[in-house]
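Shown below, as structure tokens, is a lone chain in the form predicted alone; questions about how it binds or moves come after it.
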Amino acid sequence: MQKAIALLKAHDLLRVIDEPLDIDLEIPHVAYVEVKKRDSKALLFTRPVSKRLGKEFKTPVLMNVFGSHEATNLFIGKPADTIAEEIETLLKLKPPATLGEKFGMLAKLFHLKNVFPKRLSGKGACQQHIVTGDAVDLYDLPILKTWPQDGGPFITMGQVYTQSLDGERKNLGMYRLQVYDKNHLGMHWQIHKDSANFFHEYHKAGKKMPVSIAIGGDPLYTWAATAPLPHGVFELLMYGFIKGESARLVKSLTNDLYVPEDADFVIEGFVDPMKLRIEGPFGDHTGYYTLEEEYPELKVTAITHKDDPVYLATVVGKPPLEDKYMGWATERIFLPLLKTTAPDLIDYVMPENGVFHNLIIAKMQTLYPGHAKQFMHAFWGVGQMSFVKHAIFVGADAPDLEAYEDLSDYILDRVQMDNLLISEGVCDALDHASDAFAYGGKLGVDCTANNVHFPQKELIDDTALLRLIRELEPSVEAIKQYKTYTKTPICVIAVKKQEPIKNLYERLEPIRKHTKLLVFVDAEKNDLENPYMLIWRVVNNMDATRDIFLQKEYIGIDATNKGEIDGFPRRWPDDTDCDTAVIEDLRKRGIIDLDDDFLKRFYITRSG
């Protein structure tokens, strides 16, 4: 972490804040605002305090370490596309035909020796200070409470190390960790993750499961913890591949797991597989709270740290945030591996306002009728891609995937009922819109062919269209039309919902000659002039099997919050809104500098 801080300083990517700030809300709110700026920097808080605990911490807090493309490339060590090319070359290795090719292959294979972690004897720097047994106290660490409704403080940048019951398979993951008390943590490993699979092995055997959590050290450890490697592949192999040097590990003191020797903190312990505990709520990267669920509990047996440690943390919520840049690196680096399952894939993006699993746009080479729909099934069956809810496929002639204005025109010129595929399958456990936990609807859109030939709509302006809509449905509060020059003009409709949206969609059928795609949102907390956040809201709130209404040339999407009116069986969560009083106090003290337009643009507070 000290080297990381020096590197950030050298590239003018670090802001140091020496004023005392509270670990509850204040520090996270400052980081949340900062990373949304175009010139965002990492933040080092040198004087974290806790009014709740009545203490000031000696340990500084570092946030937004991956808060820009430049910082992400610094810690990866080379451009993400270069790493992708190295992986692609490795995947395409062929038996050498000449002496020169043999030497070339030997060089590549020699480099691979550094992929594998190296176990050291003795203690590491992470174990210069040791606390065990009853002396363990998680409240000695400046662990943050990010959101007003959070169930407590959460570790948000923990590298969670686990292994299978037989010790043969290792896993490194990143899961939020709720602090229950001085020596217990909630283990939010989701049901589809390797650590959860290991947990079931220990549960079946009736044995306690060892867990070690590292915080800090080389930032690349933290990124590797998020890497979507195939099942059973240890994520630290990715660290070695990118760095060109082995991760150096030391044995934990109270269990048999190995952790990076240069981590700033290590928290060790055991999970009793027979004991579950309510975890949450937590304001997560979807921009919504994930609600209370039962998860395993870790009893902490030791906390160790190096001299002068730094506590690393992140904040998640409404986009854009630090995960935008971490996800961008993942997206670029893992493209070659995705192509091994989907060989006709050219490229893909996961826009940050689609919060990754909610929206993917993929460019492909189409070779035969139905190829894109075949691709959809392939995507929904590949590792973490299986969690994707909405997938849009475009042809090789599509604009650059990050030229969103041109790309959206291309897509909307190719939308029609016959080009849609509605399916169902596993969803991310964080998804709140599906009727069932972790299982719901999926939408695939085939935009690879220019096969939409229906008559152009009779366009009228927003004022005239709103007048016509209100004659049919007085409850509509406002509308905004987008992309009216395409073959799929969009009409976003703000309503104060009093009945199922499908009823409104059917009553508004007479306006089909003026528009093609109706998107219904709640009038409260949605700005119809803000397409970035509208996309965030829509892909979060819809379930394809329930919320899409189809007629030829007249498509409806219900992106409203669901509840009793809709027969929704679960509790709908709240948005992650910053505490207005905290934001205003930080503005008055000059800690954050932002205007009301900035608050509104990213839905930062409820009033904003």
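Just count from 1 along the sequence shown to find any residue number. Because the structure is a prediction, the values reported are computed rather than measured.
One more form of this protein exists, namely the form predicted in complex with a small molecule; it is left out here, but the text below deals with it.
Here the chain stands by itself, but in the predicted complex one stretch of 251-259, 314-322, 371-379, 70-78, 314-322, has heavy atoms within 4.5 Å of the small molecule. Although the small molecule is omitted here, in the predicted complex none of Asn503, Phe549 and Ile555 has a heavy atom within 4.5 Å of it.
Only one of the listed residues (Gly151, Pro336, Pro117, Pro228) places a non-hydrogen atom within 4.5 angstroms of the small molecule in the predicted complex, and that residue is Pro228. Of the residues Tyr288, Phe199, Trp189, Tyr348, just one reaches the small molecule in the predicted complex with a heavy atom at 4.5 Å or closer; this is Trp189.
When contacts are judged by a 4.5 Å heavy atom cut-off, Asn171 counts as touching the small molecule in the predicted complex. Taking non-hydrogen atoms only, Gln384 approaches the small molecule to within 4.5 angstroms in the predicted complex. The small molecule in the predicted complex is approached by Asp194, whose closest heavy atom lies within 4.5 angstroms of it. Although the partner is absent here, Glu235 sits close enough that one of its heavy atoms falls within 4.5 Å of the small molecule in the predicted complex.
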